[in-house]
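Encoded as structure tokens, the following chain is the form predicted on its own, with no partner shown.
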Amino acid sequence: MPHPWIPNSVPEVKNEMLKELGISDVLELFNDVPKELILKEPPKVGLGKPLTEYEVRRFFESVISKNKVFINPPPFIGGGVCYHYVPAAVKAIISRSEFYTSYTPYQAEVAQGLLQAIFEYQSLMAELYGVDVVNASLYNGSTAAAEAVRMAARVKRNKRKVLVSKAVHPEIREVIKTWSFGAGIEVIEVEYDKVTGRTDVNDLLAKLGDDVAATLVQYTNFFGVIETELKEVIEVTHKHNALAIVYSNPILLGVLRSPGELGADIVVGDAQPLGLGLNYGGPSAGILGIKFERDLLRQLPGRLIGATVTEDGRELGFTMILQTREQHIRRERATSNITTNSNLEALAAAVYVSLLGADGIRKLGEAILGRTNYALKKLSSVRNIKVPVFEGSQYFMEFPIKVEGKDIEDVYKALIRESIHIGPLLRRFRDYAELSNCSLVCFTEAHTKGDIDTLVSVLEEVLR
């Protein structure tokens, strides 16, 4: 019988196609597939019959009605991807057809509007991170960090070791290790101070040597702790002729000195906080920037858009001045195998930053810092909750809380039942055994004083 969802499944049509191909059975097309992997009968998919549009809609709505939506209060989930408010203007602008349907600009100079949008994104990110050059555009923060590590190893040709702080997000470290393995780069992890939650500078110094190509520190780190010794880390890295890579949350840079200003050679980050929303974990855009040095520029992955003027000097034009993908140059000379782009997400970030402006970014950072400190103060008064976990440190947007007397998983599930969502639980990550009864919590501009008070009161009730 013909299947309603499978094209050309009418027997007469199928037989005609088989005859044209010179085969007697469809399975002959799959001779390379092991026999044990081939299904013996068609898969039982769907509801057993074709559905009308109305039936599909009713079925879909019955399924999604089971979802638990966290709106009031918004989720307090941390771990690098946090809940931020996305202005309506961002979605309105990026939904315009000339942007929304754009892909890699193969005939680049024809797409002047798209090139200008990318150029503006590069310029805004470079100013925010305090560097000279930012590329456009990588997949997300983790792959941008991995690209930065590989770039550093190419620049420092005879050095095959990279030091990465254990206070860097564990999933970012995993991506770096995966990407480094094939390139023959050894990733050595630097301990974090169990008292302060910051990168252990003494351990970094002990592991720094002439064979180290780069160091990588996160600012703020995975625990939301501000790396107050970042400038010292960068300086000792440079003393060993290595490159300093800093992974930074872009929102943080509205209130703290940029990594470029502190001396970082390479900066990386994720554009998710800049108007991209949560999107079920993606897509996002990776930020990667450098200070203007010839060796770094020649090894920069991704693409760069430049501005120029017409021959008569009357009009401004944009052009692609660097393209390092294997589709455009010899494969062995490519510095990256990124084969698509995140231009739409980069555009959203550019629109978001443009809407806020320098003063708005600063006020946003101050608002988040104020909420973070208020939440720290309120949660520190809750019985059986240890806050802050790391004494004497400063936090931005995120921090861990430790439950005493109860299992954190039981508390987490009880909060979910009360429509409060925190996390992730740090026991998920093998590097943090001493934090096994801890969870990250996050506070952004989307959380009101009332939202934080609600979290505290429900937490008190759950622990009681």
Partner chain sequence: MVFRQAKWSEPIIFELSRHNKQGLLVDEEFRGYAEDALREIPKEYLRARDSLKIPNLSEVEVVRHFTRLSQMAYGVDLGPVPLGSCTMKYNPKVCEELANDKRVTDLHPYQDEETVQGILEIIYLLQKWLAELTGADVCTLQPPAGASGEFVGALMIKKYHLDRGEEQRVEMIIPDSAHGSNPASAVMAGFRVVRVPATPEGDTDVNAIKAVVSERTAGIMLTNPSTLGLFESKILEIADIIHDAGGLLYYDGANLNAILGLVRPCDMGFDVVHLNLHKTFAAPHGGGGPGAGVICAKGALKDYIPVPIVDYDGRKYFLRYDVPKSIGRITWFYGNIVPAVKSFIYLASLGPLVREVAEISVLNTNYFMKKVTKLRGVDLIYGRNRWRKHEVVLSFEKLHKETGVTAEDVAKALLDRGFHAPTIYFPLIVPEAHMVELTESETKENIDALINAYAEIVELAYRNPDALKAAPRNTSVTRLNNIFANAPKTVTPSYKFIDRIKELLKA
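In this text, the rigid core denotes the largest set of C-alpha atoms whose superposition between the two forms falls within 1.5 Å. Note that the coordinates shown come from a computational prediction; the quantities given were computed from them, not determined experimentally. Residue numbers count along the first chain shown, from 1.
Not on display, but discussed next: the form predicted together with its partner chain.
*Asks:* Give a yes/no on whether E127 approaches its partner chain to within 4.5 Å in the predicted bound form, heavy atoms considered.
*Replies:* Close contact exists here: in the predicted bound form, E127 approaches its partner chain to within 4.5 Å, heavy atoms only.
*Asks:* Tell me, yes or no, whether R371 is in contact with its partner chain in the predicted bound form, where a contact means a heavy atom of each within 4.5 Å.
*Replies:* So R371 counts as contacting its partner chain.
*Asks:* With the cut-off set at 4.5 Å between non-hydrogen atoms, does S380 touch its partner chain in the predicted bound form?
*Replies:* So S380 does not count as contacting its partner chain.
*Asks:* I'd like to know if Y412 sits close to its partner chain in the predicted bound form, meaning any non-hydrogen atom pair within 4.5 angstroms.
*Replies:* Contact check for Y412: yes, within 4.5 Å of its partner chain in the predicted bound form.
*Asks:* Could you tell me which of 206-214, 382-390, 186-194, 358-366 sits within 4.5 Å of its partner chain in the predicted bound form, going by non-hydrogen atoms?
*Replies:* Looking at the other structure, the answer is 358-366.
*Asks:* Which residue among S165, N221, Q122, T237 has a heavy atom within 4.5 angstroms of its partner chain in the predicted bound form?
*Replies:* Looking at S165, N221, Q122, T237 one by one, just Q122 meets the 4.5 Å heavy-atom criterion.
*Asks:* Taking its partner chain in the predicted bound form, which residues of 147-176 have any heavy atom within 4.5 Å of it?
*Replies:* The stretch 147-176, when checked against its partner chain in the predicted bound form, contributes R150, H169, E171, I172, E174, V175 at the 4.5 Å heavy-atom cut-off.
*Asks:* Core-aligned, is the CA shift for S9 between the shown form and the other one 2 angstroms or more?
*Replies:* S9: C-alpha displaced by 2 Å or more between the shown form and the other one.
*Asks:* Does superposing the core leave A446 with a CA shift of 2 Å or more between the shown form and the other one?
*Replies:* No, the C-alpha moves less than 2 Å.
*Asks:* Determine, after fitting the two forms on their core, whether G313 shows a C-alpha shift of 2 Å or more between the shown form and the other one.
*Replies:* The answer is yes; the displacement is at least 2 Å.
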